[in-house]
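As a starting point, one isolated chain is supplied in structure tokens, in the form predicted on its own.
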Amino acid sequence: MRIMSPLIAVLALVLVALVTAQVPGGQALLGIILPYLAFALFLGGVVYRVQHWAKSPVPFRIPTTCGQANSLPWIKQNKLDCPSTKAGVIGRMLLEVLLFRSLFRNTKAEIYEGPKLVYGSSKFLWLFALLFHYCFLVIILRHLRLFMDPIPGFVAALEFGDGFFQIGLPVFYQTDAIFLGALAFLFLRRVLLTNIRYISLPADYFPLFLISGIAITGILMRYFLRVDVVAIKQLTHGLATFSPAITGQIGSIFFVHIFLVCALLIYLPFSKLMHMAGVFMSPTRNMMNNSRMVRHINPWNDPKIKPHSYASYEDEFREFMVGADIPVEKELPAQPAEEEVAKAVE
């Protein structure tokens, strides 16, 4: 049910879009009203989540340290895995955002007969995650040609490079095939690997099915089903210029596609997909590890509460600690009677 329930939910969305596109006023609802509403919810949700994270206090320095910290001059520091300067943090963030460096460093652990624990490289997840995200980015940038007139030069260059290996007409975009392959890998990884399947929830499968639905409907429109491209261009350009209009017979598959896109925009700010903004707000990534150079004071400390060292704590509770057989650094002072007994024994 963890797999079937999100799949049924996405199929239900497809059915709702197909039915709505056939009723009077349904195409205007799916093609004009819903995109504006979804985009507004997307922007509002992203701003809300980022503001919420920004207001969360971080009283301690908690950067992830994967290398040698800055210490003695003759010990070489790992400036990217344990940065102590802003330049190091920026470099670390760039590698994380652009190349998924922490995922590249990921390893897998397996138990063999013995028992023996063996650690090995695990680069396939990094590779397919990188392909998925960059193909998604290229596809989004390619779609700018539908919203802008004239088409920017970088979009035309991107389309040319993406369709360089032309196979028939229309031009075959290689990112379409790579994107579907990466999606298939991410899904099969959750299904076939027992440990990953055990911790996977419906919230992990739903975005995979939803994005797959968007990709499949887009591919169907481009390569298999006939749609009115001119009418689509007029609608999307009208959406960008706040003068939308639906002309001609666009085709129901287009409204299914745009409905799934709107569903993704609405879902994204309130899901795990917000890691696209959360990575910038993560204190384990955006903080300098300079605790040895700068004294950091917890902003939550109440100035009325004085520090209570362990020595003063033990002075206050030493008798009770000894009575509970808790080790103490200083023994209790000898009582007068005990001192006389000790002298008599001597």
Partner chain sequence: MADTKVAQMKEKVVKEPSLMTGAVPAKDWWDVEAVFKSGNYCYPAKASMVAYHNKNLPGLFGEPREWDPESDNWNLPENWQEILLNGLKERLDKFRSLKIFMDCCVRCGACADKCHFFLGTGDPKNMPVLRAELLRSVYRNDFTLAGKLLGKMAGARPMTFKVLKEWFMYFYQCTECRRCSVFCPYGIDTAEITMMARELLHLVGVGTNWILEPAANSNRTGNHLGLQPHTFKENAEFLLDDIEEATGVRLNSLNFNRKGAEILFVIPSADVFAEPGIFTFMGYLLLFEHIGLDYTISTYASEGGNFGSFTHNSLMKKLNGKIYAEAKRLGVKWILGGECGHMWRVLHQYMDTMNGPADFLQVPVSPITGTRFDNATATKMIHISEFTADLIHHNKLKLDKSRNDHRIVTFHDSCNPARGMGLIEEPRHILKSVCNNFYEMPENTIRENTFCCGSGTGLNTGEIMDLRMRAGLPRANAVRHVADRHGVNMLSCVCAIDRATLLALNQYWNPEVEVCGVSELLGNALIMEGEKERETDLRFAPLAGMEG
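Quick caveat: nothing in here was measured; it's all calculated off a predicted structure. Numbering follows the first chain given and starts at 1. Here the rigid core means the biggest group of C-alpha atoms that line up within 1.5 Å when the two forms are laid on top of each other.
Below, we turn to the form predicted together with the partner chain, even though it does not appear here.
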Residue contact check: D204 to the partner chain in the predicted complex, 4.5 Å heavy atom:
yes
In the predicted complex, is there a heavy atom of the partner chain that lies within 4.5 Å of any heavy atom of L72, even though the partner is absent here?
yes
Check whether E331 has any heavy atom within 4.5 Å of a heavy atom of the partner chain in the predicted complex, and answer yes or no.
no
Decide whether F242 counts as a contact residue for the partner chain in the predicted complex under a heavy atom distance cut-off of 4.5 Å.
no
So, Y119, S282 and H296: all three within 4.5 Å of the partner chain in the predicted complex by heavy atoms, or not?
yes
Region of this chain that lies against the partner chain in the predicted complex, out of 208-216, 136-144, 250-258, 106-114 [heavy atom, 4.5 Å]:
106-114
Identify, from the list H237, R222, R197, K79, the residue with a heavy atom within 4.5 Å of the partner chain in the predicted complex.
R197
Verify the C-alpha shift of G25 between this form and the one not shown: is it 2 Å or more after superposing the core?
no
With both forms fit on the core, is the shift of the CA atom of F317 between this form and the one not shown 2 Å or larger?
yes
State yes or no: after fitting on the rigid core, is the Cα displacement of V328 between this form and the one not shown at least 2 Å?
yes
Between S309 and M288, does the Cα distance in the predicted complex come out closer or farther than in this form, changing by 3 Å or more?
farther
